[in-house]
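Quick setup: one chain, the form predicted on its own, written in structure tokens, and binding and motion questions come after.
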């Protein structure tokens, strides 16, 4: 008998449903086995690792903190397209589509080979379920095409089968996601809130910001604090399960539980963090009050051996950073293993239960989230971003930004308020100057100084006639060094240049 091809729509549905079954099964096994990631996320992580730095910078610049959502959405679209293609290739025979799904499943397995066994098991499960589900669905879908006498009954059978696959895949995915998210993390945060000793935070003095003039608030709310990291899915780690190991070139290795860590001396510090991917005038900068154990105390307790150069830190998800030891050992640097943020335990997306915070260094070398391991070693060991072309050491550069007026805004001519922020971490801002249309620089009013490790707000008033105007700003730190006008991209160690805003004054 000559085979009858599947209708195109039915063939495409077979491919989509088989893929959904594979992803759902992989997610479920990942949750049951307590894997760090599902096969879907593992492929996304691999895609991030293989993406050239310039492309990552473009994505961050274009999408900001939504870059991960864009990547996941793009992956979902590509996977759906491949699933449809697998189905359409199998209108006559089942094996071409099963091969496509099998090859894609092997990509998932390859993405997890360097991870824990639980991740490999989840990917293998997804591979097997995807191929088997495709063959079964293709068989059921083909019955209607080869049995004209019972077309209605066979279509009903395919509809019921499809519905069951959709429900099963959805239930497996939801259950696996719930198990991976770990309901215990929320309760762990609540318990931590009661266990962390109360440490008085330095008061924020009056006049520390110019909110009414258009600047941000001095302290950034946790929900608004910028987030840039490599984690597609926020790691879920309970404080009760957390263990920290400080080892390497030390005289005494330390292995600490969360409770053992917070029994040590805690400090509260207001610190401004900045991302190296922040373009001139960008918003990847925020300030919070962090509470934590001084990193210097732990290093002195462990005893750093001669010749050591960096603290190589590792996140629970495998991310690494390398922080210069001479910075961490400075008596007044104030680097912390942070346990709290703005009066609360760390939010999960900002590193709960523990993250590192180092004033004056860009986050990619100093702000490891979900921290579990720290090795005292030399600079011979390259960290995650260094392997991708970024600098080994990364002091934050003196910069300033105009927040008001916004670019392309229309404001009334006459007395125009210009306001913004400036930062020169661990040095402090001494002066901010503003000019309009390449005219003379004039000094801006500075907000009350809080710390050399935090941003400083500024404002001034310019008398501007109707028409188009360009306003620029520049900051000078307390050593007398003024930020350079030279434009430099974010790679390899942070952007430079004067921020300029063009707007219109209407009369």
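Small disclaimer: the values here were computed from a predicted structure and weren't measured. Positions refer to the first chain, counted from 1.
Just so it is clear, the following notes concern the form predicted together with a small molecule, a form of the same protein that is not shown.
A.B. asks: Which is the contacting stretch out of 358 to 366, 421 to 429, 98 to 106, 324 to 332, given heavy atoms within 4.5 Å of the small molecule in the model of the complex?
C.D. replies: Contact criterion met by 358 to 366 only.
A.B. asks: Does residue 91 make contact with the small molecule in the model of the complex, using a 4.5 Å heavy atom cut-off?
C.D. replies: Contact with the small molecule, no.
A.B. asks: According to a 4.5 angstroms non-hydrogen atom cut-off, is residue 227 in contact with the small molecule in the model of the complex?
C.D. replies: Flag for residue 227 set to yes.
A.B. asks: Quick check on residue 401: any heavy atom within 4.5 Å of the small molecule in the model of the complex?
C.D. replies: It does not: once the small molecule is placed as it appears in the model of the complex, residue 401 has no heavy atom within 4.5 Å of it.
A.B. asks: Does the small molecule get within 4.5 angstroms of any non-hydrogen atom of residue 310 in the model of the complex?
C.D. replies: Taking the distances in the model of the complex, the answer for residue 310 is no, it never comes within 4.5 Å of the small molecule.
A.B. asks: Check, residue by residue, if 273, 317 and 350 all come within 4.5 Å of the small molecule in the model of the complex, counting heavy atoms only.
C.D. replies: The answer is yes: all three residues contact the partner (heavy atom, 4.5 Å cut-off).
A.B. asks: Could you spot which one of 370, 390, 210, 258 gets a heavy atom to within 4.5 Å of the small molecule in the model of the complex?
C.D. replies: Looking at 370, 390, 210, 258 one by one, just 370 meets the 4.5 Å heavy-atom criterion.
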